[in-house]
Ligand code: ACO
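Next comes just one chain, in structure tokens: the form predicted on its own.
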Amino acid sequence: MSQPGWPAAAGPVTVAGGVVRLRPVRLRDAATWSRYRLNDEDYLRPWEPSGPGTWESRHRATAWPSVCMNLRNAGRRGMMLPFAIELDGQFCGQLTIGNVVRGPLCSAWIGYWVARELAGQGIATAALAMGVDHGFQAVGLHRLEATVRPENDASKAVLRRVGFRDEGLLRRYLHVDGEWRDHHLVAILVDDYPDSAVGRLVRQNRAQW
């Protein structure tokens, strides 16, 4: 079953690292997803919510089919939009728009990760901007929010570049890496820009259409 903005793709947007696109996650992403997740454990684990079992057990290639099908099922129900981030046609991370709420709230959260070896090349920023534009234009949302640990300077910089604004501190908000951690709440509204988040990056010479 299709939902507003799902299934769909977004992009391309060109940045220093290459050509970035968003597309739905696929079962055949398993090997690359697992390789990045296992190799980048020390890079990713300090920022991601705790889960059952060990990091290795949750991120083996054999774990991906269940993860992927759960994500896609949530997409078909209109609860979530689970995207793969592609760089030059190759899987390099994920972006998810989740907890989609309609009605008077018309809001969702957005989260993302990109492989460590590709950090600092504008890929996460481009993917986030495309996700924001898709959430507002195709999904029809009014508000997107994200949470980020105060220590995560790289992710805070990505969010600022796309235009998210700080809305306050959530004390001991999520269980991350063995403890309950504080998070900053940031958000962006559909009327924050006259055109788009990607357009903002283009004007800043951070990206090209």
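Computed from a predicted model, the values in this text were never measured in an experiment. The first residue of the shown sequence is 1; numbering continues from there.
Another form exists, predicted together with this ligand; not displayed. Remarks below refer to it.
- Message: Please identify the residue among Asn39, Ser50, Thr32, Asn152 with any heavy atom within 4.5 Å of this ligand in the predicted complex.
- Response: Checking each option against this ligand in the predicted complex, the one that comes within 4.5 Å is Asn152.
- Message: Counting only non-hydrogen atoms and a 4.5 Å threshold, tell me whether Leu44, Gly120 and Arg161 all contact this ligand in the predicted complex.
- Response: Yes, the whole candidate spot contacts this ligand.
- Given that the partner is absent here, state which listed stretch (97-105, 110-118, 131-139, 75-83) has heavy atoms within 4.5 Å of this ligand in the predicted complex. That would be 110-118.
- Message: My question is simply whether Leu170 lines the interface with this ligand in the predicted complex - judged by any non-hydrogen atom within 4.5 Å.
- Response: Heavy-atom contact with this ligand at 4.5 Å: absent for Leu170.
- Query: So in the predicted complex, does any heavy atom of Ala157 sit within 4.5 Å of this ligand?
  - Reply: Looking in the predicted complex, residue contacts with this ligand include Ala157, since a heavy atom lies within 4.5 Å.
- in the predicted complex, Ala146 touching this ligand (heavy atom, 4.5 Å): Result yes; Ala146 sits at the interface with this ligand in the predicted complex.
- Counting only non-hydrogen atoms and a 4.5 Å cut-off, give the residues of 79-108 close to this ligand in the predicted complex. Sequence-ordered list is empty.
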